[in-house]
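So this first bit is one chain, no partners, the form predicted alone, shown in structure tokens.
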């Protein structure tokens, strides 16, 4: 099977990493819309338009499923993608919620949702969690993490300063949903602020979801990966080399 994965930038590589580790596909085609990153500060209609343009890109490949590895796209454009795509479509929010419910057996568990402004404002995570009986939820828009990650700053003073800005005064939760696929790239630093919290990672959540919802069997061959970007593809490949194979 062949999968397409797309994100506004490098963040979706965190999903690709999990897909590679579990050998779900024979080939993965990745597209990072790096010319227009981040999606998370844009309005709903713009996010939908960019997402539909991504579908047109993937029509050039014979893929079986498209994974929108962007929470902002998953929050606003999944229904539109499913309506026009000639292949199956999956987002990352529903898998993330399912991963949380699998681990958080106590409905009173303190849950912190981190995401971009667009994702948090959509309240999609919150509504889905509320429907499962979880109400002790704090949603925090941490959009500055995206450009920091795009610059390759996965640790250091700049990232620490941004975390101090966002996390000052935040009580430690029991669970943290990394509601942006960029955020697993800084998960180690987030864990330093909240050492006792369990982090929910989109990549692992998507793998579980694909196996159970689409009955995708393990590939019998080594997964090949093709990388595309709307701008500066060399930078995308540099991050991919560091993240996918050296971490």
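These numbers were taken from a predicted model, which means no experiment stands behind them. Residue numbers count along the first chain shown, from 1.
Unshown form predicted in complex with a further copy of the same chain; subsequent notes refer to it.
Problem set entry | Option touching a further copy of the same chain, based on a heavy atom within 4.5 Å in the predicted complex, out of 144, 107, 128, 170 | Selected residue: 144.
Exercise. What is the one choice in 137, 148, 81, 100 with a heavy atom within 4.5 Å of a further copy of the same chain in the predicted complex?
Worked result: When a further copy of the same chain is considered in the predicted complex, the option within 4.5 Å is 148.
For this session: Examine residue 85 and determine whether its closest non-hydrogen atom to a further copy of the same chain in the predicted complex is within 4.5 angstroms.
Result: Answer no; every heavy atom of residue 85 is more than 4.5 Å from a further copy of the same chain in the predicted complex.
Exercise. Does any heavy atom of residue 111 come within 4.5 Å of a heavy atom of a further copy of the same chain in the predicted complex?
Worked result: No, residue 111 sits far enough from a further copy of the same chain in the predicted complex that none of its heavy atoms falls within 4.5 Å.
Exercise. How about residue 89: is it within 4.5 Å of a further copy of the same chain in the predicted complex, going by heavy atoms?
Worked result: Heavy-atom contact with a further copy of the same chain at 4.5 Å: absent for residue 89.
Problem set entry | is_contact(residue 38, a further copy of the same chain) in the predicted complex, heavy atom dist at most 4.5 Å | Answer yes; at least one heavy atom of residue 38 falls within 4.5 Å of a further copy of the same chain in the predicted complex.
Problem set entry | Location of a further copy of the same chain contact in the predicted complex, chosen stretch of 43-51, 201-209, 58-66, 179-187 [non-hydrogen atom, 4.5 Å] | One stretch meets the cut-off, namely 43-51.
Problem set entry | Interface residues of 149-165 toward a further copy of the same chain, as seen in the predicted complex [heavy atoms, 4.5 Å] | Residues within 4.5 Å: 151, 153, 157, 158, 161, 162, 165.
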